[in-house]
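Heads up, the chain below is alone and in the form predicted alone; it's given as structure tokens.
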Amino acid sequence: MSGILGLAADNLLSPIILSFVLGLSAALARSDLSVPEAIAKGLSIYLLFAIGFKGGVSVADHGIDLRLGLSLSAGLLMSFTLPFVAYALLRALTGLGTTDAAAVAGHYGSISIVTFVAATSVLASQSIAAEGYMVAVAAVMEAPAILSALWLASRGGRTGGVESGLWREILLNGSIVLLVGSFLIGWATGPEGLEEISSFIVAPFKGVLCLFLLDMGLVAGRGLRGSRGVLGGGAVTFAIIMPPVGALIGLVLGLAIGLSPGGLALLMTLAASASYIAVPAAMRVALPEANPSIYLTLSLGVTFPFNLVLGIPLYVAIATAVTGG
């Protein structure tokens, strides 16, 4: 326990987390601080490219093996099944209708790439190595949860299948295309390619992440301010207990695969995170009647801060403890 608390304290005092806290505090205090949308999008593009490229380089250096295939399969399995776990918890803890509960559940089967990036930063600060192909696991976990959410919604009497625009939203979502594309570039060019552009994607990475999380704090704070009266205690409770539940499933699968301490921590983080980019975009097309104030506030306003402040240190500490790392 002392190790977990110590790691949490170190994480809280990192520039990355404090940048998020600054943005959150500014939004809650109704400050006019803001990050222009174009700059925020540029920061997001940079982070996705950098993490994907470095993951591809790691795979090129490490090579493809059975563990990679098992890790990808575990990611797909979790993305398909976690929405059903989330949906059951939501129906038990809240009074949400079928459509809103299904929409929220879809967010908790998909992943938050920014939470993943923050976890890689924590691992780097602790000098804990992780399998580079975990970024590919993150990519395959983006979309399957959306299909599970639609099936759950259809059980409640919502008619219609997958609408024409949804497949494009899922398969050509910008974050997925950029993450997979940069991963393939890194894989193709290998360590030599990384050396060529290391001054661009290695040294500035944490500084860019600080600015991005400042913006995420502003967005989360505004969402919390605007959601008063929409969410009950049961929904907030769900958004706090679902991450450890997902992380536990990731822990079991990661141990069965034989991941390193760092890889295990990242798989737990992916299972514990909740999407606030890809899934909301898809839900706007597939379930327009679902309330965005509910699913965005829970994923971005509650689960995202929980994972940044407490979740990631917890997952890293557990992963290192159970593997002896």
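Since we're looking at a predicted model, the values are computed, not measured. When you see a residue number, it is the position in the sequence shown, counting from 1.
What follows is about the form predicted together with another copy of the chain, which we do not show.
Point to revise | Contact check for Ala38, Pro204 and Leu214 against another copy of the chain in the predicted complex, heavy atom at 4.5 Å | key: Heavy-atom distance to another copy of the chain in the predicted complex: all three under 4.5 Å.
Point to revise | Selected contact from Ile197, Leu77, Val252, Ala92, since only one has a non-hydrogen atom within 4.5 angstroms of another copy of the chain in the predicted complex | key: Residue within 4.5 Å of the partner: Ile197.
**Study point:** The single option of Ala129, Ala188, Ile241, Ala88 touching another copy of the chain in the predicted complex, heavy atom within 4.5 Å
**Key:** None of the other options qualify; the answer is Ala188.
Review point. Of 129-137, 77-85, 243-251, 176-184, which is the one stretch near another copy of the chain in the predicted complex, taking non-hydrogen atoms within 4.5 angstroms as near?
Key: Contact-bearing stretch, as computed: 176-184.
Exercise for review: Find out whether any non-hydrogen atom of His62 is located within 4.5 angstroms of another copy of the chain in the predicted complex, and reply yes or no.
Suggested key: No.
Exercise for review: Answer with yes or no whether Leu70 is in contact with another copy of the chain in the predicted complex, where contact means some heavy atom within 4.5 Å.
Suggested key: Contact with another copy of the chain, no.
Review point. For Val309, is any heavy atom within 4.5 Å of another copy of the chain in the predicted complex, or not?
Key: Looking in the predicted complex, residue contacts with another copy of the chain do not include Val309, since no heavy atom lies within 4.5 Å.
Review point. So in the predicted complex, does Gly42 come within 4.5 Å of another copy of the chain, heavy atom to heavy atom?
Key: Yes, Gly42 is a contact residue.
Practice item. Let me know which residues along 88-119 have a heavy atom within 4.5 Å of another copy of the chain in the predicted complex, or say none if there are none. Key: Heavy-atom contacts to another copy of the chain in the predicted complex: nothing from 88-119.
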